[in-house]
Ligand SMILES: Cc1cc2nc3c(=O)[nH]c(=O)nc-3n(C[C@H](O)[C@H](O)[C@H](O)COP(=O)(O)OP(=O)(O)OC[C@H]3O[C@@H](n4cnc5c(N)ncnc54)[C@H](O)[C@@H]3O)c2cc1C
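Only one chain comes next, encoded as structure tokens, the form predicted on its own.
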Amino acid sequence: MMPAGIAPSPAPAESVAGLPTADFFNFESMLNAGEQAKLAELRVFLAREVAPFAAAWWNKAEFPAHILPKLAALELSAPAQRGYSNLFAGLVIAEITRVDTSLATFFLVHHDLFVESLYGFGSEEQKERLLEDAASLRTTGAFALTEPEHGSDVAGGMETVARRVPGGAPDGGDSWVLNGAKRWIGNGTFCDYMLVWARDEADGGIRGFIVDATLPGVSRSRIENKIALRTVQNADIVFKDVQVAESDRFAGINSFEDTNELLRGSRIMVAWQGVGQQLAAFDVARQYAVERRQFGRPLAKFQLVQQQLVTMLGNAVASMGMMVRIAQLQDQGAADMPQVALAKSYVSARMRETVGMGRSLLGGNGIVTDYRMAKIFADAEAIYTYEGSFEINTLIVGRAVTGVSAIV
């Protein structure tokens, strides 16, 4: 018998020996026929091009740039811009996460942050110049917000600065000079462009800039020794007197408040990653419990094992149900930040419990990536923290329900 996890898990649309899928309440049936067909197409791609290789990429901390043209061919960039529902967009992230959290993180950084920024804040000239190549993954983007000394408090503590220089551009127009540093920038080592956030020295306002990553004064170094999302190429980035043309400033951004919708959307997608992590953990643990034999019978015959699997399933279904409701609120334009923060914190907590049970259920095999669960378990720690840590999101909700802020 081949150990569970060595071969790719069964496609989620199918079942293990005819058993129900982890989508126990069949939320996927809420998609229209076209969306269901596209999701099935994505699953085929993931099973063929990603699942057999994801652990090796993770172990080597290498990004599979060679699959980007095939990923682009699925035409899933910025799904809402293509007319898909918010539920479909969330399930896309969950499904990619279910197979490889790192690839899903690349996808949301590039598409849901960089490309969506172009749609939302770019000028018509910027869209004409950059959007088609970015949406088709001929160029890649990053979102440079967090800094070495500022994560959760970056809105008020941002130290990267921009100084406007009248007539400083080669064509006689204005330019900007950037100085500062960013940290934890996904795709940062290889991206072609990055959306850089900086504080205007003149008035303290927050500005956004499209920065060519090859400009003089930009230096990038990969963050090493990570225990999660090892395939993601996170970078430390330093800007030293980097000159950026006024035409590369996002005209639609004049304060940090202008970014709230964008950041709210990315937080929703990271919560969907928490769903995908739980679906993956259940897939692997259930398959292992059915196939693995101890004391002369399958693990699934033991009551405590069944109890753990049911708890994992309940967590996944509850998390998925919350995110389905968030998607409905998005469709209505009514998903506010406290609601999103509650979803992110709740799903993150359930995810941590779910992957912990899954790792325990696999015993010693749960700590090697050959069986997939170790990778799922480790990657969960990143999701628990980024796009607002569990604690910060909890305090956002606490402020909303009490009227009193415990953050500042």
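Here the structure is a predicted model, which is why all the values come from computation and not from measurement. Residues carry their position along the shown sequence, with the first being 1.
Here the subject shifts to the form predicted in complex with the ligand, a form of this protein not shown in this document.
In the predicted complex, residue 102 stays away from the ligand, with no heavy atom inside 4.5 Å. Taking non-hydrogen atoms only, residue 144 approaches the ligand to within 4.5 angstroms in the predicted complex. Although the partner is absent from this view, residue 164 stays clear of the ligand in the predicted complex, with no non-hydrogen atom inside 4.5 angstroms. In the predicted complex, no heavy atom of residue 298 sits within 4.5 Å of the ligand. With the partner left out here, the ligand still marks one of 307 to 315, 126 to 134, 145 to 153, 330 to 338 in the predicted complex; by a 4.5 Å heavy atom cut-off that stretch is 145 to 153. Interface residue among 185, 244, 269, 289, judged by heavy atoms within 4.5 Å of the ligand in the predicted complex: 185. Think of it this way: in the predicted complex, the ligand has a heavy atom of just one of 326, 109, 213, 89 within 4.5 Å, and the residue is 109. Along 224 to 239, residues 229, 234 each place a heavy atom within 4.5 Å of the ligand in the predicted complex.
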